[in-house]
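Below you'll find only one chain, the form predicted alone, shown as structure tokens.
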């Protein structure tokens, strides 16, 4: 059976997994989990069995259900042929993981839907604050590591994390022009088929008014 991705069109963590599948040329099926409708479909008991954290994504693959996007992507990397998503060189690999962790631990969780629902009125300024703070650090790191892509000239998990985070930044009206390296890398990535076909604007559950 094809892998089954439980995700949401606009979830950056779901998008990461869609990019990884696309880069590896893996066909998969999608089950949309609407994070807003019905009070949040991720909060149902049925979904909680798939992912106890009640977040997307969750992927059923090879008879196992995995959650946490980076764990899912590393599993895909370790079990599927195709372009490598982690460099062979240990230092470059560490840099890729450092960038992934900065985004996946240091930026994204602070501006995700659940956190913003708790913040209330100030949610846009809160999200902007943490994205800008993270991007200042990320820009400085990427100046050192980037070639054509985040780490050198090969695509990696770092790029898979970067594009969805820039999409979030733009949703929260962060001016990405102040981060030239991030902006350049993002433009390069969005021109690639794996990133454009997996984009939030063209998923099965993308609402009509947000379709590209």
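Computed from a predicted model, the values in this text were never measured in an experiment. Residue numbers count along the first chain shown, from 1.
Omitted from view is the form predicted together with another copy of the chain, to which the following refers.
With another copy of the chain left out of view, the stretch that reaches within 4.5 Å of it through heavy atoms in the predicted complex is, among 174 to 182, 148 to 156, 22 to 30, 49 to 57, 49 to 57. Interface residue remark: residue 66 is counted as part of the site for another copy of the chain in the predicted complex, having a heavy atom within 4.5 Å.
Residue contact check for residue 70: one or more of its heavy atoms lie within 4.5 Å of another copy of the chain in the predicted complex.
Contact annotation for residue 82: none of its heavy atoms lies within 4.5 Å of another copy of the chain in the predicted complex. Though the partner is left out of this view, residue 123 does not reach within 4.5 Å of another copy of the chain in the predicted complex, counting heavy atoms only. In sequence order, 114, 115, 118, 119, 126, 129, 130, 133, 134, 137, 140, 141 are the residues of 111 to 145 having a heavy atom within 4.5 Å of another copy of the chain in the predicted complex; the partner itself is omitted from this view.
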